[in-house]
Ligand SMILES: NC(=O)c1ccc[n+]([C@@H]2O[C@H](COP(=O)([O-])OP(=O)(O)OC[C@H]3O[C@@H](n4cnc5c(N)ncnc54)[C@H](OP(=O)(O)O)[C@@H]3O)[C@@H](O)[C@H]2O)c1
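Before any questions on binding or motion, here is one chain by itself as structure tokens, the form predicted alone.
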């Protein structure tokens, strides 16, 4: 089958389109013919070598963890799916098995390919509703799960002033409509301003602009958690800052002890799975074909992205 592959650690410019064996499902697994997949930071970070202290990759490595497609084969013991079912979801590369949730986490052989294998018994994969477009279904999983987790954990109030750092990415453009009714200050580029306001931002400021003071709730979607001191200064006493990035928050990162500073992480789907994510609406910034999968990954790494990048079969 055709797939995007990394043959050694390095940047996406070193990836290639190659023919590799079709993965076959084992007990409790399903094989899916991939109709669409979307790009996430992990697709670059893992073959880029950021996790070498935790796990070593086996090459060739196929990136990709978000997908939509059709079940093409089922393994022994699978009862929830049959050949021909339309499905979508999110799964982690098998190389990261030791880092994900307990029990039977959602794992994959890599979705930037014509076929991929997934664990069947996970809340992170579901039947695709008939009214959910294939490309939208591929764009939603990671950003939808993250947006829902942020909303459930941060519990924004109607009268909150909310600062969203990194609002123009996949998570931000999915999350902004869920904050409707609050005063939302979004960071973005000047060319993103109109689009961010259409998504629900009350005000748009540049990445390097001064943040306003008196913020009740700050949501960091892009900066490393140890680089949030400037965000912390924007919070009022008793304010809250939630981040989806590592390293794990520490009080010294903000240099103040009068605010809440927490990581949002839901590895086990306790805050909802793919069925709930299907109710959300993603933003697709650019689309590519699988033959252009290397360019999609390179663009994600080198170009500004508004919303999600989607690769179709």
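Numbering follows the first chain given and starts at 1. Keep in mind that this is a model prediction, so the values were computed, not measured.
There is another form of this protein, the form predicted in complex with the named molecule, and it is not shown here; the text below is about that form.
- Taking the partner from the other structure, the named molecule in the predicted complex has a heavy atom within 4.5 Å of a heavy atom of residue 45.
- Although the partner is absent here, residue 31 is not a contact residue: none of its heavy atoms lies within 4.5 angstroms of the named molecule in the predicted complex.
- By the criterion of a heavy atom within 4.5 Å, residue 49 is excluded from the residues contacting the named molecule in the predicted complex.
- Contact check for residue 111: no non-hydrogen atom falls within 4.5 Å of the named molecule in the predicted complex.
- Listed stretches are 177-185, 77-85, 140-148, 125-133; the contact stretch with the named molecule in the predicted complex is 140-148, by a heavy atom cutoff of 4.5 Å.
- Between the options 117, 222, 228, 92, the residue in contact with the named molecule in the predicted complex by a heavy atom within 4.5 angstroms is 222.
- When you look in the predicted complex, the only residue of 201, 162, 235, 165 with a non-hydrogen atom within 4.5 Å of the named molecule is 165.
- Residues 244, 245 of 239-261 are found to place at least one heavy atom within 4.5 Å of the named molecule in the predicted complex.
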